[in-house]
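A single chain comes next, written as structure tokens; it is the form predicted alone.
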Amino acid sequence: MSEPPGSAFASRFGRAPAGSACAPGRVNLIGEHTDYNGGWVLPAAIELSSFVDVRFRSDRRVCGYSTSRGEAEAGLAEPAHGNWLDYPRGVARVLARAGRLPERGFELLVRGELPEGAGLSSSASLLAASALALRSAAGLSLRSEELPDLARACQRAEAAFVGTPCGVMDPFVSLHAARAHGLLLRCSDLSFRQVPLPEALQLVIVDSGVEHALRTGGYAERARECAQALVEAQRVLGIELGNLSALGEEQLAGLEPALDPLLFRRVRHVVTENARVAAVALALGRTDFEALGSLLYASHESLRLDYAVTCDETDWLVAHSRELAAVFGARMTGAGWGGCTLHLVRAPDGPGAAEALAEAFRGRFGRRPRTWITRAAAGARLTHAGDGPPLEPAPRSPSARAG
């Protein structure tokens, strides 16, 4: 017999939850490292989510239990502790300071389906689900026009409180995604439209097994390089630019001899990646799988050569995809330095392609990677208490971080 809704929360905290929500992870079809440069992205939510049950306390303590990361506790006003609880605690602080939540502690129980450190936005998923559940527990309704502000609050919590430099794309798509659609988003002003994905399209995700760590990796360095490149590009061109994505491909030739070679490569990736995002949206509308595949492969090459964020494992997975007839395009997805690759496959060939990639990878690297076959999923929503994956024993160490 299944547990009554909320019984796991009640067993741990002695009372039923007052708010429950789930939010999906995402895979980025194309548009990598363009978000914090004010550019275009085209992500889609995936069929893996974080589930959160929550209830406010009368004091300012935050007590949490995660099925994958164990127990954690801290004061609402304490600085970040470097554990998973920083994410729900951080977004609660941001919302409370904006007058959109009571400034009180809470108890929460988290169930997660998303792998950590794989580049599928487990952190944004946890932030978005926590924000929705907390708002619901406070008895506050949420209108659709408020979702962009909620996405910004999630971003601020991860960037300013947790300490991970990040753009707004991940929480935005987690909150706004529509089933069977990608989200074409301009990050400079958060204007967006839903782009239908063909029913014949399956998304195969392969985990390289190389865990990325955005707080200790090169993400912040790339952001600094782009900020420096923006200053230099404005000086060379004699114009004021809001961000690097305001540049057009026709301006690259004039910048190449004037910029430091490394900075120019960063600029070239951002500018050409924005153009590829627009081209992918058009190709999806025409169901032109051949064009889609070519654009994904070109994106990966730009990330490998101009932005230097790939690794041997992701490079190999993308290169090997060219040998599989079922795969018509592949690229690294996520911030890089590890994480996952995305492979576009014509249905119903997804399972065969995933198996072929996994076996070939094991032959090359001596270990079998995790794979997922998914379609574009719907965004975050309120749920019934206890919805989500079953409760599992806590690991010995609760210090793992959302990835």
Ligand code: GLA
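Numbering starts at 1 and follows the sequence shown. On a predicted model such as this, the values are computed, not experimentally measured, just so you know.
Beyond what is shown, the protein has a form predicted in complex with alpha-D-galactopyranose; the following relates to that form.
Taking non-hydrogen atoms only, residue 219 approaches alpha-D-galactopyranose to within 4.5 angstroms in the predicted complex. Shown alone here, residue 168 lies within 4.5 Å of alpha-D-galactopyranose in the predicted complex, counting heavy atoms only. In the predicted complex, residue 334 approaches alpha-D-galactopyranose with a heavy atom inside 4.5 Å. Mapping the unseen interface onto this chain, residue 26 counts among the residues with a heavy atom inside 4.5 Å of alpha-D-galactopyranose in the predicted complex. 36 is the sole member of 56, 372, 36, 361 with a non-hydrogen atom lying within 4.5 angstroms of alpha-D-galactopyranose in the predicted complex. Remark: of stretches 338 to 346, 28 to 36, 44 to 52, 364 to 372, the one touching alpha-D-galactopyranose in the predicted complex is 28 to 36 (heavy atom within 4.5 Å).
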